[in-house]
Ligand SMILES: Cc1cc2nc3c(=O)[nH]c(=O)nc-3n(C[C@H](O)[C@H](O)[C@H](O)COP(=O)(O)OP(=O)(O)OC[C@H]3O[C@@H](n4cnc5c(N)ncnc54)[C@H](O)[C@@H]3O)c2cc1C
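There is one chain below, alone, in structure tokens, taken in the form predicted alone.
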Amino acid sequence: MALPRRRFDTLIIGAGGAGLNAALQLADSGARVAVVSKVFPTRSHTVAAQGGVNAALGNKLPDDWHWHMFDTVKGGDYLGDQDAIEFMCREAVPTVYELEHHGVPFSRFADGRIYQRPFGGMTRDFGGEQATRTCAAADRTGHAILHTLYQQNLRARTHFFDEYWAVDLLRDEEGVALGALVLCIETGEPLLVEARTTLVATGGCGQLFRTTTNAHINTGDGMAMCLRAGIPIQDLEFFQFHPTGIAGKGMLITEGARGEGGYLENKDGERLMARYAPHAKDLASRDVVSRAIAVEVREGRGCGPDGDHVLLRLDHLGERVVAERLPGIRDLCRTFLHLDPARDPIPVFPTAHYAMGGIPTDRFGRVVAPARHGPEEVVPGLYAAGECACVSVHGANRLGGNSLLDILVFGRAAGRDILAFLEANPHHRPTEEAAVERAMARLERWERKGEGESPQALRDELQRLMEDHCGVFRDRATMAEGLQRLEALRARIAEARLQDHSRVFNTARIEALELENLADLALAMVTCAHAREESRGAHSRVDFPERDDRNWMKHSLFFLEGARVDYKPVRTRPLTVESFPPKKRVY
């Protein structure tokens, strides 16, 4: 039977904030846009973002995008590219106003202006007093943004392939992106989507870890597709652990809870962050707070019968503030902990949250990779945006409120650049059948059923391995052992089989394919973390406790072929302002 095919101007893989904002730019300009999403679009993980989106609106206190830029450079421990950071912080204000005009129901101050709250690592006057920069819709900001963008895309007649899963990218011999092979989850039937441009917007890879804030869909599919296509993954050793996940469960308690005045407490009733960040205290950057909690527990000051968490206190804020500003957090605690945060402290511990690394791009969303015989160059027709991409604006550690900003600014920028590419390249290139056959081979590999280990058991083992060998604190011996175990596990995955029943749900095959994606990204993360012999941002080496700007002010690039790591310099020159040279990072 012939493989069914559909043809569009642009294929967008992923229906989160980045994908939908790009799709809206394109569809509103008349382009034929297909959005492929493994879940119904409003279930994309952007919906889980709680606290807000940063923009220097100055609605409560004076603010400036230049201060926002400084905080972002410092927050990323000086590994971020300063031209991209300047672009993001300058574009933040028009991006938020555009969202408001699309209909995002932001919370408001009494005078009607968009509500803003304090967030970690945000200052005024280049490191001065706390800034109030994070625009919020209560504590459901991602939910409000995602639903608004989806509705606007329906108006613009974007074509959605709901509950389709992307198997692999298609590229021709010259490396030009041609679309992707996708799979209908309901029927198990493959579909070839041919497109003049392809945007990868598949989100993060938090399912690498056993305890995570990420949804089950966050399996790094887009990053892994690019790895198999010969494109490196940048800076994946930098993975953020959010300091306030619900202890033992992982669900996120937004940083906005501390922005509203919440604080962390150890078993002795001490406000513990005064010891680690005397100035910013509970609103220090996330890597600082996560390590502080881990140290408190390790040194015996943890709470509960097992001393395995600390407490987040909101009860002093009063019921009205909790009900109005943090209603989602209140519902979460009532549902999963059977407590009311307006009256009871919340048990919290760091949980895997966000990938600072990803597919290397420029500030227009264009994927860039080393050429076969020369310097880095743009991959024609291929774009990436959102958490799966690495611009790099987050450097070694993302500041809260910059993730929604990242996906919106660079989704918007990618959409606009794609329009220019479509105008310059008005015709479809022929699809090379060899590329289709390679993608189909991935599906056929999991047609085999019979005796063998189950993919689900192997995924559980992979998650435990990553938590034990590449967590908040790292050292050479632990990661070396992790690499050995990971190589053995990857060999077992290659021999795994689906259950030998007459009927196997299509989701079982997709979970097996996701496992392959996760295993490739695990190799990238542990290999790069083992190689980087310094502590910087979220990458904390016990055996190399200091940041080393002389030897490690550079981005890592992991290539799947040969599990090879290369490096490229950090771009320290902004677009229009003076650069921020590295200095000691204290809060």
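Note that residue numbering follows the sequence shown and begins at 1. This structure is a prediction, so every number in the text was calculated from the model and none was measured.
Separately, the form predicted together with the ligand exists; it is not shown, and the next lines address it.
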With the partner omitted here, the residue among L560, A529, A48, L57 that in the model of the complex has a heavy atom within 4.5 Å of the ligand is A48
Could you work out which of M553, L61, V542, V39 is the residue within 4.5 angstroms of the ligand in the model of the complex, going by heavy atoms?
V39
Even though the partner isn't displayed, in the model of the complex is I13 close enough to the ligand, meaning a heavy atom within 4.5 Å?
yes
4.5 Å heavy atom contact, A177 and the ligand in the model of the complex:
no
Partner contact for I407 in the model of the complex: the ligand, 4.5 angstroms, heavy atom:
yes
Taking 4.5 angstroms as the cut-off for heavy atoms, does M225 touch the ligand in the model of the complex?
yes
Select, from the options 418-426, 102-110, 319-327, 350-358, the stretch whose residues sit within 4.5 angstroms of the ligand in the model of the complex by heavy atom distance.
350-358
Candidate spot T72, E86 and G395, all three in 4.5 Å heavy atom range of the ligand in the model of the complex?
no
